[in-house]
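Starting off, we have a lone chain in the form predicted on its own, written out as C-alpha cells.
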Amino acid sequence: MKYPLILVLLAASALPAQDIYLRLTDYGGGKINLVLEPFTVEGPTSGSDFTRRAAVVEDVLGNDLEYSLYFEIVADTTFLQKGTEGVVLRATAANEKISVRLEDFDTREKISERSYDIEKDPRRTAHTIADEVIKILTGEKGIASTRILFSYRKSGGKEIGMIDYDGYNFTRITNNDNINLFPSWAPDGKRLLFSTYTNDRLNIYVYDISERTTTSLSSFRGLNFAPCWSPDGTKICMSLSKDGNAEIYVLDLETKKLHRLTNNSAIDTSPTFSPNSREIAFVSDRSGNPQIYVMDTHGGNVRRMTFHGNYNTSPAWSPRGDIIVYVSREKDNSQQIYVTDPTDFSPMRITYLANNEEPAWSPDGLHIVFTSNRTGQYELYTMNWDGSRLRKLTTGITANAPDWSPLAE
C-alpha cells in the first residue's frame, strides 16, 4: 500500500529564511537528513540542575524528531558528504534558556534560530521545540505536544485519564468512583465526551478541561454511548437504545435536534466521521456478525465495507481521509488490527502478537494508539500506521478506549 506524499511547501526567495527550507518528500523514502549535534551548556549554571534539565530537553527532542517519521536522524556531520541535502540542529543552553539554531548542511546558511525557557517544564519545552522544527522544515504540524485520553480500571470502576503522547505526565480527568467509558476529544482540544453510569443509566457528558466542569449531553432511557464529534465540532454522533435496540443518531449541538441515521433490528454502533464530514463508518451486525459499514451523514447510501473475516469492529477514519483502521477477529480468536482503503477494500494486517484492539489515529495520520494484552493486561501502545515502531505507553494500568488529541494550536 502506497501512503500519500507528505505535503510540504516549495522554497521561494521572497519568503523569510525560516520559511524556505522545504522540499517535497515521501516520509518512507525521502526523509530529511537531520544532524542533532550534542547540546552545549555554558555559563555558571553548568553542572547544576539546569544541566540536568538541558539533558532532558536534548533526549526528548531527539526522540520526538525521530518518532515523527519526517527525518533520518544522523549522529554526526561526518556521515553526510559535501552536497548532501540535510539540516544541522545546534543548541546552546545558558541562563535558563536553550537557543536552537537550524542550518542548511551544505550551504551553512541559517534556516531559523530561537530561544526557549526551560526553567519550568523541560519535557514540554522539548515537545514545543520538536513541533516547531517540524513545521519549519516540512510545513506540517508536529504531534509532540498532543495527548491521549483513555479509560482505566480503578477500585472496581473505571475513570478517565490523560497522558502525553509519549506516555509521560499522567493526569486524572474523572474521580467519581463510577464506570466512565468512551472518552472522545473535541476538535478544539478543549473539551471531551465520555459516557458514565448515572441512576442505572449510561449517559453521555461533556467535560470542559480548562473549567473542569461536566455537563449532561444525552440521557435518554436505555444506553447512551460511543459518542464522537464531527470534524467541525458542531455535531455529536452516538449510539442510543432509547427505541429498543442500539441505533446511530446525530445531535446538532446548536439546535439540539436529534436525527436518527439507522433504522433496523440490528445493533448499530461505533460511529466515526470521515475527515470531510461527508460519511460515517460504523459497526452493524445486520449481516449476522459485526461488520463495518459506511453511510453518508444523513443515513443514506449504506454499504458494507468489510468482507474479510466474520467479526470486524472498532473503525477509525484516518485524519488524512484515505485509510480506515479497524479490528478483526482471527481464526485463532485473537483480535488484530488492520488498515484498509475504504473505497477499494484491500485490508493489510499490522499486528500479530496477543490481542490488539481499540485503535485511534494520531492527528497527523501517521501513527496509531491502541490497547494490547501482550503483557497479560490491556495497556496502551502506539505504532506507525503500517504496524512498525511499537512503543509502550503505560505500565501497570489496565487501559481501554484511547483517543488521540487534535493538534495543539
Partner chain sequence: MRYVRLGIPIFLALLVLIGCPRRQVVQPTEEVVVEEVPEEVIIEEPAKPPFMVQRIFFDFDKSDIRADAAEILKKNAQMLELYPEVTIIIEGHCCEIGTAEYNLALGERRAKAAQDYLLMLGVTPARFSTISYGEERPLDPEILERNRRCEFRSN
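The shown structure was predicted, so the numbers you read here are calculated from the model rather than taken from an experiment. Numbering follows the first chain given and starts at 1.
Separately, the form predicted in complex with the partner chain exists; it is not shown, and the next lines address it.
This chain appears without its partner; in the model of the complex, the one residue of Leu223, Val100, Ile118, Cys237 with a heavy atom within 4.5 Å of the partner chain is Leu223.
Residue-level contacts in the model of the complex: of Asn175, Ser265, Thr215, Thr255, one residue has a heavy atom within 4.5 Å of the partner chain, and it is Ser265. The putative spot formed by Ser241, Gly244 and Pro290 is fully lined by the partner chain in the model of the complex; each residue has a non-hydrogen atom within 4.5 angstroms of it.
Stretch 280-288 is the contacting one of 136-144, 164-172, 103-111, 280-288, since its residues have non-hydrogen atoms within 4.5 Å of the partner chain in the model of the complex. When the partner chain is considered in the model of the complex, Thr313 lines it closely, a heavy atom lying within 4.5 Å. Shown alone here, Asp64 lies farther than 4.5 Å from the partner chain in the model of the complex, counting heavy atoms only. The partner chain is not shown here, and in the model of the complex it never comes within 4.5 Å of any heavy atom of Thr125. The partner chain is not shown here, and in the model of the complex it never comes within 4.5 Å of any heavy atom of Val302. Of all the residues from 350-377, the single one having a non-hydrogen atom no more than 4.5 Å from the partner chain in the model of the complex is Glu357.
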